[in-house]
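One chain is shown next in structure tokens, namely the form predicted on its own.
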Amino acid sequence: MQDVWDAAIAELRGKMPGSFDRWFSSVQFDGLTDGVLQLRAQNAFVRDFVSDHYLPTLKEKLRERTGLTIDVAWSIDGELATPVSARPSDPPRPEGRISVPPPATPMFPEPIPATNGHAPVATTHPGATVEGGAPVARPSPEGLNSKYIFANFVVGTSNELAHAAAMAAAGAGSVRRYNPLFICGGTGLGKTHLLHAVGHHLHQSRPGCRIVVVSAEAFTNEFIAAIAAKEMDAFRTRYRTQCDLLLMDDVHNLAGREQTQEEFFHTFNALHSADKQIVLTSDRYPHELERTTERLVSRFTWGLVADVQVPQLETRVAIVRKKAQLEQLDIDDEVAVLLAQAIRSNVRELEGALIRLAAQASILGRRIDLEFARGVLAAALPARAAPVTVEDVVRVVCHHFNLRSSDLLGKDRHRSVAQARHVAIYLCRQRLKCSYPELGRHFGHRDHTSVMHAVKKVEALKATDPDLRGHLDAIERKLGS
């Protein structure tokens, strides 16, 4: 059957030589027996893509030559002894599946020359060679922070959804790819880290991908400069035609800029209709964006809105340890816990405190032990604010939902009032550890079963309702974490 296989493969390669060699460099032929085609793939991603885009035609070619109905038996093996194609050409590496168009119109084609003064993204990579066999380094696309990669990101319950979605957007996740991916959350919680990690991973796995990394502020400035210089065609080519992956940070900064929003609206549509991945970050949920057109906000929610919340203590300790490892710092576990307990709401401040400890220890020639860390933190960190009370929670919730405290504490059962009341009860339970009877007394002398129901309802909705998570996140920020 080897001759039958070789003939079918030769015919298939003749129709699409470039893309064929790219994909079948990661596939091995193990035999064709009694109508069963045995193939081996380097990973599941290759298997799925070849199954979707090549096997229907290949099976038909084999059926014509054998007269048998062809079934396929796949196996996975990272090391292939005799791949079908002898000319490997950057085979795809992601472990999970991502929605990719057929090879005739690849999602991430080779770059084309820029016409507006921006150099095309470099496509060389570690291990690649040029004429003469000399290795060539693959520089990261301009604008990507080299430290912001997936390997340096600490995953916890507060950010696992955003991390998984970012991995999928980069072609490395085990979930479907959402477009756009809108990552939101408070300052210093890792949104920009995930944004850049998507770019790094895609650049490593697909060096031909044209990546544009830009903040909303920089996009606005480029837009204004293009108008002034009468170079709008070049501007639109850069963002709409010569872009396979758009990474925009702090999209909330488009607020109030109507002309820029109009331009970005059309840029978004052009990329989305061409199935080009868009990843956006914001410190607010889409529905909380002020002075942003409704049609733009609606597009932000087309794909997946993934929030990054304040990390729990265990995650903060892991972040300190990871940062210490990256900076080659030797710290005790007690110091990591102390830092995590002292700084609760901002990962950037947490990392900054560790660097401050390291700097002072180096200058003074001291070891970073618990006593030294306590002294430095006591001098550097502001005094703790007064503890939050039930009255504080009620006041902030009323302000957020535009209600009076008498409404919240009264018997009003209107849906909007009931939701706000449930949120207030939930926050008091979570933040202040109030007992159910105590909460019942504070909120209109309700019985403890009603209070328990309110807490459980909010806990259940948090997992599925992004609007509710948005309300909780905004109120938490106002209360101070």
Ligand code: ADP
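Please read all numbers here as calculations on a predicted model, not as lab measurements. Quick note: we count residues from 1 along the sequence shown, nothing fancier.
Although not depicted, the form predicted together with this ligand is the subject of the following passage.
For the residues P83, G303, G188, P207, the 4.5 Å heavy atom test against this ligand in the model of the complex is passed only by G188. Here is the short version: of L409, A226, V154, V376, the single residue with a heavy atom within 4.5 Å of this ligand in the model of the complex is V154.
Contact between R348 and this ligand in the model of the complex is found at the 4.5 Å heavy atom cutoff. I319 belongs to the set of residues with a heavy atom inside 4.5 Å of this ligand in the model of the complex. Contact check for H193: a heavy atom falls within 4.5 Å of this ligand in the model of the complex.
This ligand in the model of the complex is approached by K323, whose closest heavy atom lies within 4.5 angstroms of it. With this ligand left out of view, the stretch that reaches within 4.5 Å of it through heavy atoms in the model of the complex is, among 213-221, 228-236, 363-371, 144-152, 144-152.
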